[in-house]
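In structure tokens, the next block holds one chain alone, the form predicted on its own.
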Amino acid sequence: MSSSGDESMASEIDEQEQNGGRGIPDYIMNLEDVPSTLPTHLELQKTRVFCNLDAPQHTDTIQYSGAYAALGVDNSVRLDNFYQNFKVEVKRITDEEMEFDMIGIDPAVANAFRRILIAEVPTMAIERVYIANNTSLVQDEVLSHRLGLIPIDADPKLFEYPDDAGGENNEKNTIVFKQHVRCEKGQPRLTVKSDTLKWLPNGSELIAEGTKSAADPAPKTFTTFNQKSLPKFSKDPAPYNLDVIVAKLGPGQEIELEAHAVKGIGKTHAKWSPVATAWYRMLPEVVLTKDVKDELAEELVSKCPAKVFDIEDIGRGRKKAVVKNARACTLCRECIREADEGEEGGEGEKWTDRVSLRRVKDHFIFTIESTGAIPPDVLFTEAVKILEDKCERVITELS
């Protein structure tokens, strides 16, 4: 290549850098017909999912920098833009459920939070069950499984994983519960609930098999410790819901066992999952592209089972339909499912010509339903910490 060619290429690169690194020479950007922002239809395709009657359209997310380079629009992912646009707005919160909006975030990140909440936030759950006596109709394996699924109200941050202690049971990684229930003869059937699980702060009381010998006549239990000495407990560990039915005993039947709870994550077993469910959906956007008045307005309101639309009085005995609560839209498509061709005032138009159903691509309605062991707001903050640790590990490995 000649030196003049090199100088021409260098000059063009300088022009591109002067234009904010968008890769577009200045003489193109100075033309009158070159837009500085995206046209309306492209902006809608970029930020909205169109929920048509047959199938959704424009479901992909355009997150790479050169997507609209020909239009002079920088579409790159930048930290400063994310910092300015990202928001979390809590809409509803109780002891067991929280609904909040995550605005300005990619679907992959929202799904990462969902997966972490389900599978990677640690909790305490019953892992080992030592049955001394079970004469109920419930088999030992089924009984153990039912006990394992009872949420335990204990802070997992106060405990260690069992593997960190080499499999040894101690006060830092194990919570011991005792259950001893008997239905006396001549009494009605007895319903055994989770409130019969009693915390043993001094550890196990059952004698381990094969531990008593002539040289050591003192019986040995499965665990020996004193959790009362730990000052960190704000309240005694117990099942979160004391009304969970474990079994039903007939006259003369009895259950005597010990249940040992340890720390774990939902990836290992569902009993350690801290949520009943964690899910999200894109924010619905319902737009009336044309005025819907009088009889058509009443028909539209009656068609929607989610009560998204309402009727507004516009005077002189006339009324029109308005969007009252777009957030309640479940995307059932009932409002656009049927045509009204031939009706008076309809002009042969279909409902799809009047109503546009959309979803905002970067606005997610997130719902966390906790099992009760950990409050939902704490679950979300723990998920953020876990995702942060994952990012730090990736950065460390790549650097």
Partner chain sequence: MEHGSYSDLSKSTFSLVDEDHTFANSVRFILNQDPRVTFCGYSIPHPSENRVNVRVQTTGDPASEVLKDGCQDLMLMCQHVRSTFGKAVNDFKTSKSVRSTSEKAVSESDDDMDT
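Residue numbers count along the first chain shown, from 1. Values in this document were obtained by computation on a predicted structure and should not be read as measured data.
Although it is not shown, the form predicted together with its partner chain is what the next lines describe.
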Consider the chain as shown here, without its partner, and state which of Ala247, Met98, Ala154, Ile175 has a heavy atom within 4.5 Å of its partner chain in the model of the complex. Met98
Of Val88, Leu137, Leu242, Ala270, which one comes within 4.5 Å of its partner chain in the model of the complex, counting heavy atoms only? Val88
Tell me which stretch of 129-137, 258-266, 100-108, 317-325 has a heavy atom within 4.5 angstroms of its partner chain in the model of the complex. 100-108
So in the model of the complex, does Phe309 come within 4.5 Å of its partner chain, heavy atom to heavy atom? no
4.5 Å heavy atom contact, Ile62 and its partner chain in the model of the complex: yes
Please check if Phe159 has a heavy atom lying within 4.5 Å of any heavy atom of its partner chain in the model of the complex. no
Indicate whether its partner chain has at least one heavy atom within 4.5 Å of a heavy atom of Ile116 in the model of the complex. yes
If you look in the model of the complex, which residues in 366-399 sit within 4.5 Å of its partner chain (heavy atoms)? Asp377, Phe380, Thr381, Val384, Lys385, Leu387, Glu388, Lys390, Cys391, Glu392, Arg393, Val394, Ile395, Glu397, Leu398, Ser399
